[in-house]
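Next up: the same protein chain in two forms, each one alone, written as structure tokens (structure 1, then structure 2).
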Structure 1
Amino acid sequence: MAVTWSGRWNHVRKVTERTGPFAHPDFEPSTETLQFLQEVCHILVIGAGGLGCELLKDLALLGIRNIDVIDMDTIDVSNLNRQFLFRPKDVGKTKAETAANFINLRIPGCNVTAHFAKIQDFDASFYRKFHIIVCGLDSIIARRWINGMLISMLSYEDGELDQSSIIPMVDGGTEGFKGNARVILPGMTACVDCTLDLYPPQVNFPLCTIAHTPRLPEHCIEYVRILLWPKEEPFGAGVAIDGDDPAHVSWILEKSQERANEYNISGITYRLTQGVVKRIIPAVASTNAVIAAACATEVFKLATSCCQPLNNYMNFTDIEGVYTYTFEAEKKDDCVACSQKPQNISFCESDKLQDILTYLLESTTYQMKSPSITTAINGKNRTLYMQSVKSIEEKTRANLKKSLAELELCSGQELYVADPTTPSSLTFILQMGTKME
């Protein structure tokens, strides 16, 4: 029996037991709505970091009791300034289990179940258990994977989408003082891959600039990371940089400051150094709180129909004052993830397999991470290149230097591409002609 007291849920009942001008057309005020939230509604939170801690707290205080949380990380000292469910004694423990235990102890009646795992460790049967999935991730790869999983779970009858197979996804993200929240209805609205061009490929500084004409503090840090570290091997031969090791970061900081002084560059700090080394943008607690609150509100609206959900993308920034902007991201008819259509790619017979691989990696449309390519020739499956298995990668590496003609690939050939960004293979149709730009 859950612990409760008089008036505990009055703030929720004011919304669920009376209507208003912004209510969803299907909304019917009822005392049963709160009962649904507390006893039936099952939410999955992916990520127990800066956003995840806020999400767990917000959802629990809204009356949602059955929550699962997935996270593959352990707690580091650097997390404690913003991930408020953790304490110094928790350093080294798993984020998911520690966060779940904190919420269960602090908020009576809550039943948060932790999963110390990767999202890829679970199949469709696991994800089908949930009414809504809310993401507090810092990885585009993970976003694209769970997006692909929810799309793969959709079912169609005579070409019509079965509404009961839709599991809404609420996604939040932050970068410093900027953030966004979005609502994705798989198969109906724009998915993550429909708006992939909003996530441009990571920018790398030219090596010539780093080595000879540094202008930014980041250039000095990259010089030490890329050129000085392997040359001086400050912590022993073959020791890789650990962005969470204060000794490593301090050494890079010191050497970066020395180089910056040579070129009259200022602005190098420990936080910036660690951010460049780990390829991260420092997180801000207040931004996490705002975006998590927006996401939790959308979950509440979807679960109760008390109000129309966000349609469908909201940007937030408080760099100079507070500014928000909401717009509808449009669903792409030829989206690689949700259109259910094979993708056409154009190359010449003289192009190498490496050219296709590079295109899949660098194209803003696909932004793959480590694609593996297979095909069927004369009715037989053939692996052209596979990165995920070392022995197969070694055997197929030579194919990268071969032309498409040498590999017996022709116009209309279907290429099947597997990548960590998607739970299922994607189909590409090769068109021999002018290479796509």
Structure 2
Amino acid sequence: MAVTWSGRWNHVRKVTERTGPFAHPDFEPSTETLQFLQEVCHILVIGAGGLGCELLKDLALLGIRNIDVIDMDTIDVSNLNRQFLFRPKDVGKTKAETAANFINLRIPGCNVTAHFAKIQDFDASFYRKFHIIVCGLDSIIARRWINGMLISMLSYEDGELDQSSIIPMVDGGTEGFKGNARVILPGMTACVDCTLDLYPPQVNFPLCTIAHTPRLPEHCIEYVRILLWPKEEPFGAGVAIDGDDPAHVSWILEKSQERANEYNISGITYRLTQGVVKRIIPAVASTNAVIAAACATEVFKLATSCCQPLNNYMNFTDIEGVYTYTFEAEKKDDCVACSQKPQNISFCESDKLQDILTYLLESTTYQMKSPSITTAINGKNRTLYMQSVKSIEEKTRANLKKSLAELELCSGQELYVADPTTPSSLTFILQMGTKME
């Protein structure tokens, strides 16, 4: 049942059915564009938190109907001030399902599918379904994972990137009053790992300050978290701190208070303790709204081709007034994630690992010095051979005499080769059957 009414999509049609001074030169106004957005275009939103709620609302109101959302979290009472798809009765429910239900009820015709899961629970066959992926994440590890996934899905023909294998990634991030939005065309423009240095480092206090010369309440809390917890193991051996467990936070609070008293430091509170333990930076609803809007606009531009996408990294801060700056983050030549075009190498099943090693050492193309070869089989990393580290060399030497079949290497298997002659690891795709000329 697609409820609609006259003029419902006028705001979108003004852009998709007319041209304009900022339109992309190849843009052809058409009624089909709206139809594409509504019926064909399939968007994945990763994260249904502060940015995710905004993104789902923005995308749905732009006419996109086929949306999937992934989130591994449940709703906490502290989310309610800004994650506006959630109500007090929803506390404890899953973010993905609650957000999807809200949008589907509120925006007629919209079809959001929820996944209460981790992004790592899905493989390439899932991610390949989407035209564009938009992220509202709070974790660098998750960003790098999805970035790596999209890069691994690229295909090359004769060394040329097959553009139809590209799934654009729009990534938003906020931290208090600061935020950024960026567009990544995997394999073509700077990726998450190209700009890894741009992420602000985690604030870490010197260990000796924490241990002996605390001056701030945070130093006292860090003392308990880093030094006292592993020593006293108050909740049993090997139990890690859970910042959402009130018993854990209360224990840390009490011990931090004792230490603060010893050094005449004031200002320890439950809130601060939990904030330090969970590394909470207070979220600002307006920053999320701006960044999500920028990301949704980019999704719209990419999906309709009505305008050149952001090139390619926008910073935003509203600490004092409003400031934004856009620049072109550069693709790194030696990026571990995206600089590699996987190269095909052909061997037979009966060939030995030694044959691959000899090839890397002696072929005129590579002339490597001491290559190490690793692979991943069923998601588990395996070191096939590494010469330069004695303890690994001894344990992997036997592999050299094994055939590729014995090593369970099949056609299409990726091999990762690090060598001092190359700035980053090389990726090879093993082609079985025909012997290399």
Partner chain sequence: MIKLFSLKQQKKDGESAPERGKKSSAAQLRIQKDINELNLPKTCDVNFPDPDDLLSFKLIISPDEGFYRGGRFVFSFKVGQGYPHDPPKVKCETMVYHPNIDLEGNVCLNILREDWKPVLTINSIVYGLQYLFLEPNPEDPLNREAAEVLQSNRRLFEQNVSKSMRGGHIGSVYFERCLK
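Basically, rigid core = biggest C-alpha set you can superpose within 1.5 Å across the two forms. Just so it is clear, the model here is predicted, and its values are computed rather than measured. Structure 1's sequence is the ruler for residue numbers, which start at 1.
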ask   = Just checking, which of these two is the form predicted on its own?
value = 1
message = Once the core is superposed between the two structures, does residue 215 show a C-alpha displacement of at least 2 Å?
response = yes
task = Answer yes if the CA of residue 176 moves 2 Å or more between the two structures after aligning the rigid core, and no otherwise.
result = no
query = Comparing between the two structures on the rigid core: C-alpha of residue 93 shifted by 2 Å or more?
reply = no
query = By how many angstrom is the CA atom of residue 273 displaced between the two structures after fitting on the core?
reply = 3.7
